[in-house]
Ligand code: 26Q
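One chain comes next, on its own, written out as structure tokens in the form predicted alone.
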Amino acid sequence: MTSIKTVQEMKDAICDKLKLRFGCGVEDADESQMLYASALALREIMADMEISSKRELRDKKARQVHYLSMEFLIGRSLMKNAYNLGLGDMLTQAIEELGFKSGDVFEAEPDAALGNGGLGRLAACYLDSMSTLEIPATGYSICYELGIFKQKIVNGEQVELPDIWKDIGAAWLVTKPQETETVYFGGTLRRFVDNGQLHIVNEGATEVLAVPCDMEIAGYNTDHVNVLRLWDAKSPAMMDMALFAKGEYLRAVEQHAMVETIAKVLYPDDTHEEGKLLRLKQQYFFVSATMQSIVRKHIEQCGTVMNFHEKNVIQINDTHPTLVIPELMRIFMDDVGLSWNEAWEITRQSVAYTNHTVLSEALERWPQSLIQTLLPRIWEIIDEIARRWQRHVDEYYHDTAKTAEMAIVWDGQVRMANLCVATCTAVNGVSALHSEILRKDLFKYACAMMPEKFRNVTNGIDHRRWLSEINPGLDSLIKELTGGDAYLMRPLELKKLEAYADDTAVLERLAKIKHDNKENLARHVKRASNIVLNPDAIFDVQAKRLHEYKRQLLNVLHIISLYQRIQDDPGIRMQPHTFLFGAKAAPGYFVAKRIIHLINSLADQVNNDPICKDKLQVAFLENYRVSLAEVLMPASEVSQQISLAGKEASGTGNMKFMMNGALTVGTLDGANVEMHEVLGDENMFLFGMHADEVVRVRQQGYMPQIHYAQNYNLRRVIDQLKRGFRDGVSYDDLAQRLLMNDEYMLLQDFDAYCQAERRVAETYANPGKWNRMSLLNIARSGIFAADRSVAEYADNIWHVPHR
């Protein structure tokens, strides 16, 4: 349990850290220094718990989970850690009594820029649940200096700025230089035999030091603490002293600068060769350092690697960490001295793979030549795995076409997803529909060969953070109605709320909580962007990564249609409707950035048209991130989950919105399918084709031009794109893209989507019905808690105990 028991002890701890870190007293400190000192006070508590957790792990010699992900979208940590430690109220009171506004101190914390979207946020939720469920686990990633990017909207367009987070965020990081690992790139391989053992040495390679920076992850209502290990990249030599002495100052530090770019940014633009090279360096750097560290610690504990798979399970979060497979083989063979078959069996039983997408662009394929040059020994191992796998497939199917589809190395490319499927002990999708698509489509031939490998674990969210912590009004109501805080550890307790579905007083209280949250969001947006939102309007929200398959553009087409209806009949009576967008587009994704520009052009048009006042409003919320989502989701009333059926693996934003009482407008895609199973047609707004219908329409020859020709309202909307808006910007390029290559079938689903939005407006006009639907969404959301997901991984894939 925590060593701080009183507010006074918390104040003393903060003051001690102020003196130690900044050499000042509380009277001279600012909000950032108070934040840093508060973090250090909590970190000291968590450090004691971490030591105890490690000691217990050593004593029990339990199996450990190693969760590898290129991103962990942690967000802010001060309030989260205080909440999990049971010190939230005490910390808030201590800060206030020391003369500061606690809200200002918490707001001073930057979001840890270690992730991009749902993949990274899922990883962060799972770390919280693993600690809460007392599963010995470590997360691994890169200690990005600048992370993804800070989004700025300039003249309606996205501009990417550095996201500097580590100045204050470093308060949570414990650097451990004594555990530094060395990673090698390039070089040439030399072989020799010594005492009958083949040795392979990489000569002339570039060395990069991987320095661990650990972030403690406290669980809720437990003394168990796990760690997120973030690797920072350093050069062995700060500079070339000989070059420096000659006055060649830039060349003297060039190698140092090049090495440190590895940990500079998340997902560098890979539309050019330099970007591809940097991404591959990042992936190998992170998995090589991780595997070396895990194997070294295992040998220190057990003295042998022959039981490695019994004591360790390595979970690959998407294809980015796939090089863990050949790297583990390399360590076992080259460093430990195992035979190929011994190394293969241990590796095969140690590694599991979660697939997060069916999009071909995200199923990574690396140029063979790039891996051969950058990672010569890794290439040899991949090539041998590929050769053996291909022979196995040939012997099973005797079909060249199937062999080509399943090959790991083919046509000059290395296919990372196929390497995972060939090797890993388990392959899982992240929703029932997605897992079925993996079995029957994406990996259908592998599934026929090895059906026992393929599993499903539907994603989940940290309900303590995404309900209790960010929505205190709703949290209080739930605790009152369900008889306490049991739902925080047993989220299915939320089902008790169903008993109040027809209780008018409860529904009115629920509506009041939502309205208060809307007013809070309106204040936040006014401060941040000087946009004035109407809290009495429907808050209709689409907040997620900007990608064409997520169909933000379909949302925009409907808003244009609604705007045109108002122009046709300025006196039309309608419920005020505010459409809110939050999204970042990848820097090299031109079409996604054009859609952001379009949203802002449309907002400028609508919000400056007097006939739209108190009827229609559009707002793009700049720099969408975890801390903004924490204000947005409690205030949201409509959740847009409108991807083309069969494209979204799961979605986790849909779960967060549902848990906070927003009603879903969505297709039967990803986890929407399972949401529909618990909600039924009557508690969400479904529209559009099902996944099998999408396939059938494509096979019949989808022609978007027919919809344009036959649908008057749609034609008017597309023509508006061609003309542009009051800012003088035409979007003819997007119009032509829809007409000539509507890959995600927006025009096919347009009418059905508009009808769903009309049902939203009609239902909202009946507050009793709307609030009842909202309550039932909350009551049935417990199944989507991360604790359930992690317990399923623990039971069915990792085979580790949990509380």
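Quick caveat, the model's predicted, so the values are computed rather than measured. Sequential numbering from 1, following the sequence displayed.
What comes next is about the form predicted in complex with the named molecule, which does not appear here.
Heavy atoms of Glu71 reach within 4.5 Å of the named molecule in the predicted complex, making it an interface residue. Mapping the unseen interface onto this chain, Leu119 counts among the residues with a heavy atom inside 4.5 Å of the named molecule in the predicted complex. Residue contact with the named molecule in the predicted complex: Ser650 places a heavy atom within 4.5 Å of it. Remark: Glu364 counts among the residues lining the named molecule in the predicted complex, judged by a heavy atom distance of 4.5 Å or less. Proximity to the named molecule in the predicted complex, taken as a non-hydrogen atom within 4.5 angstroms, holds for one residue of Asp536, Asp503, Asp604, Asp270, which is Asp270.
Interface residue among Phe100, Phe149, Tyr549, Tyr220 relative to the named molecule in the predicted complex, by the heavy atom within 4.5 Å criterion: Tyr549. Comparing 524-532, 716-724, 490-498, 651-659 against the named molecule in the predicted complex, the single stretch with non-hydrogen atoms within 4.5 angstroms of it is 651-659. Taking the named molecule as it sits in the predicted complex, the stretch 397-435 comes within 4.5 angstroms of it through a non-hydrogen atom at just one residue, Val430.
Contraction of the Pro268-Gln151 CA spacing by 3 Å or more is recorded in the predicted complex, set against this form. Expansion of the Trp410-Asp270 CA spacing by 3 Å or more is recorded in the predicted complex, set against this form.
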